[in-house]
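Single chain ahead, by itself, as structure tokens, in the form predicted on its own.
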């Protein structure tokens, strides 16, 4: 395993504690709904907690390394929230944002609440500019909150979209579709409307066993197998660059 820089790891844990505090505040409302209840918090009630990291419009929060959520399919959001809550995802110490999500997901008390927030996110309009701290809006540059090899993708050359297309056609298109819109029957999420840095890091995680290695993760191992076929970080940059054109 790759050990995270201690300073960066502590910063990540501190951020996680902040999120835990937010979760506890909303948790008082969540406790109204037992685990086996068919009722839960509404997505509108719960999303302000998500917005702390993911942006008020679900556009992603680069300052806290949070991916864009707006327009993400409800079935995929549900699956990931279940994975975080059940500790199938977000347990590896090199996945600092994932660890934070595994902490916060405890407030998503029951399946009804998960369904509600997932449907709310799916109905959000994607495409708003990424949000930084204190409500500032910036471009695609992001200040990382921890130091590790996963804080940035290192590739020697500018991404080659043509090479990325070759990779996508040979390995991605069968599951994620010609336009990157995904396939619910195959459990493959859409890739459009997502940020390049998030997709790059997830491919690294799948490749290195940080994500998709848990035996309870039904779909993760499939992505892990694909990620391991990518020759290097240049290949990751290339295929993600092509996805960004879809």
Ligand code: HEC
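Computed from a predicted structure; not experimentally measured. Residue numbers count along the first chain shown, from 1.
The following text describes the form predicted together with heme C, which does not appear among the structures shown.
If you check heme C in the predicted bound form, you find a heavy atom from every one of 117, 176 and 203 within 4.5 Å. Among the residues 151, 104, 124, 112, the one placing a heavy atom within 4.5 Å of heme C in the predicted bound form is 104. Heavy atoms of residue 57 never reach within 4.5 Å of heme C in the predicted bound form, leaving it off the interface. Interface membership of residue 208, defined by any non-hydrogen atom within 4.5 Å of heme C in the predicted bound form, is ruled out.
In the predicted bound form, heme C sits within 4.5 Å of a heavy atom of residue 243. Taking non-hydrogen atoms only, residue 70 never approaches heme C to within 4.5 angstroms in the predicted bound form. Contact annotation for 180-202: residues with any non-hydrogen atom within 4.5 angstroms of heme C in the predicted bound form are 186, 187, 188, 189, 191, 194, 198, 199, 201, 202, listed in sequence order.
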